[in-house]
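We begin with a single chain expressed as structure tokens, specifically the form predicted on its own.
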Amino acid sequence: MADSPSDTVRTAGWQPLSRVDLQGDPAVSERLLEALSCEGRVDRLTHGFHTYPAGLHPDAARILLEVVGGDSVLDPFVGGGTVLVEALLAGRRAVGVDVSPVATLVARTRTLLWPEERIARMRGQGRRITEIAKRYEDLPRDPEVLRLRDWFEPHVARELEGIRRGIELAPPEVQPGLLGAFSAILVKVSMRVSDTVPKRSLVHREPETTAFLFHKKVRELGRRLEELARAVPEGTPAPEIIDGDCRAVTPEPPVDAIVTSPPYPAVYDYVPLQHLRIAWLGLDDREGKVREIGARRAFRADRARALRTWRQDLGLWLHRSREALNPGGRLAVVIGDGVAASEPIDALGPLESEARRAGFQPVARASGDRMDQGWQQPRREHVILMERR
């Protein structure tokens, strides 16, 4: 069976687990299984505001934060920021790292702890920008955006350009929220099938639809940020989000715990999935210049070489993670097996082996099979809890 795109959402649980295996401390492994079994969509607070490929289930993040304990937490593969949102709700100092500028933009948007006055100003700017976009007549001239002309109807491109120019003129203090709302609609108004399927689909959108969606998204973000501010315990610091490569970055000061879900081997090509946002948002495409961990295209090109490189990358980020942890700190990792050339790729064995070499000792594990609808075959997923020796 040939490899095919997958809409896998880590621990989303669209299919029930089977062939469950528990190891280590019985009480802890049962909690890990609870995290692995979380299912259904979650749309509370800022969860669900912005799509991001293969996001950790919010309830799984909450459970794992309870398991690892501590007053501070790091997610070295922050993605869309799910762990950081749940850490804020638990009143913890949170740090996130990601090489993708889209990931850090989304994570920052979803963890904005703004007062009501600033949220109101963002809404006001959103209305103003929407009116600009409705009347905007010029097509974008940016070379990177022009290369994407086949992905957008001309009137959609004009409205997007009006939104982009309007955000540039907005007060800097509200631009992060406006950019997050802009990013959230870019794929929706394009001719791309979805965030995880980079294929074109001819879809017509009526004039002013793009401007309306932006206005709607700004209002939605405002509501969600108000709810988030009310839910976060008073005195909780805003998270620190670092644009960087977790194989080379060690956040300071150290944290008490790490909760993360690194890329599954050979499941996604994260860099190509974000090409529309990289161009329209004018982001630094550093992720295109850094070797992507576990990229599907690398396994298709040379499976044996990709496996060796992926294992080396495991060792690198695990060593950095140990350096970022206080003595006795805990590391919880959610990871799943991959498929390349129709052959399964074991993720558990290499992860456990490299973790021991990096200075971690196992505490407990939960594993189970879940049907992956992209490949139409089971994918084995794991939650592993380790402690720094």
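All figures in this text were calculated on a predicted structure; none of them were measured in a lab. The first residue of the shown sequence is 1; numbering continues from there.
Below, we turn to the form predicted together with a small molecule, even though it does not appear here.
Report task. Choose from 150-158, 75-83, 164-172, 197-205 the stretch whose residues reach within 4.5 Å of the small molecule in the predicted complex, heavy atoms counted. Result -> Contact-bearing stretch, as computed: 75-83.
Query - Option touching the small molecule, based on a heavy atom within 4.5 Å in the predicted complex, out of Trp280, Phe214, Tyr270, Trp310 - result: Exactly one residue meets the criterion: Tyr270.
Report task. Name the single residue among Asp245, Asp256, Glu226, Asp285 that comes within 4.5 Å of the small molecule in the predicted complex, judging by heavy atoms. Result -> Contact residue from the list: Asp245.
Query raised in the report: Looking at the small molecule in the predicted complex, do all three of Leu65, Glu352 and Glu387 come within 4.5 Å of it through at least one heavy atom?
Result: Contact check failed for every one of Leu65, Glu352 and Glu387.
Query - Distance check, Pro262 to the small molecule in the predicted complex, heavy atom within 4.5 Å - result: Judged by the heavy-atom cut-off of 4.5 Å, Pro262 is in contact with the small molecule in the predicted complex.
**Report entry** Phe360, heavy atom within 4.5 angstroms of the small molecule in the predicted complex
**Finding:** Contact with the small molecule, no.
**Report entry** the small molecule contact in the predicted complex: Ala103, any heavy atom under 4.5 Å
**Finding:** It does: once the small molecule is placed as it appears in the predicted complex, Ala103 has a heavy atom within 4.5 Å of it.
Query raised in the report: Heavy atom to heavy atom, is Leu36 within 4.5 Å of the small molecule in the predicted complex?
Result: Residue-level check for Leu36: no, no contact with the small molecule.
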